[in-house]
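First, one chain by itself in structure tokens, the form predicted on its own.
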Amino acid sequence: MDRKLSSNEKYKILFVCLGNICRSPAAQAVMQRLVDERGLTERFLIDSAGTSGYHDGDLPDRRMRVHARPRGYELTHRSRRVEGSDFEEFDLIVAMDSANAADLRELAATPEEVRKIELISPYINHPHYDYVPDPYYEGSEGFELVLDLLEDACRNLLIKVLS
């Protein structure tokens, strides 16, 4: 993370997974709520995207929306693919797993853009997970686990950005 939150411009974070219908839109919602709860809405831009365009324009997976709702998250983001301009626009690009990070490094055009890519894993305080697993082929427990991991990771990521 090269750039910290400054006093006069927005800090821009992009969360990325494969299809932008489960993990990354959930991360976007979790981080947005954390920012909003701290009265920092105007200081941040939070977005999400996927490394693939499989689901362009779709709402998040229905199962993720169902599991997010009782926690107070309304997932309304429309899926989109990562674009070259995202590397210029965002200060930090957070990959949900190492495959997503590798795909992002392939898309990055410069070493500066590669330096903006981080794995979410350093922010997860869970003894059995060092990435956010894709719940797409899992049952309810998979979606709940993803939300648990994201709530933990986003809280820790925000602390680091603010420090």
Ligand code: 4NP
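Predicted model only: the values in this text are computed from it and were never measured. Numbering starts at 1 and follows the sequence shown.
There is another form of this protein, the form predicted in complex with this ligand, and it is not shown here; the text below is about that form.
Quick one: find which of 29-37, 66-74, 127-135, 111-119 has residues within 4.5 Å of this ligand in the predicted bound form by heavy atom distance.
-> Among the listed stretches, the partner-contacting one is 127-135.
Mark L18 yes when one of its heavy atoms lies within 4.5 Å of a heavy atom of this ligand in the predicted bound form, and no otherwise.
-> It does: once this ligand is placed as it appears in the predicted bound form, L18 has a heavy atom within 4.5 Å of it.
Hey, in the predicted bound form, is L150 touching this ligand, heavy atoms inside 4.5 Å?
-> No, L150 stays farther than 4.5 Å from this ligand in the predicted bound form.
Classify C22 as contacting or not contacting this ligand in the predicted bound form by the rule of any non-hydrogen atom within 4.5 angstroms, answering yes or no.
-> Within the cut-off, so yes.
Mark R43 yes when one of its heavy atoms lies within 4.5 Å of a heavy atom of this ligand in the predicted bound form, and no otherwise.
-> Flag for R43 set to no.
For the heavy atom contacts within 4.5 Å of this ligand in the predicted bound form, list the residues of 46-73 involved, in sequence order.
-> Sequence-ordered list: Y54, H55.
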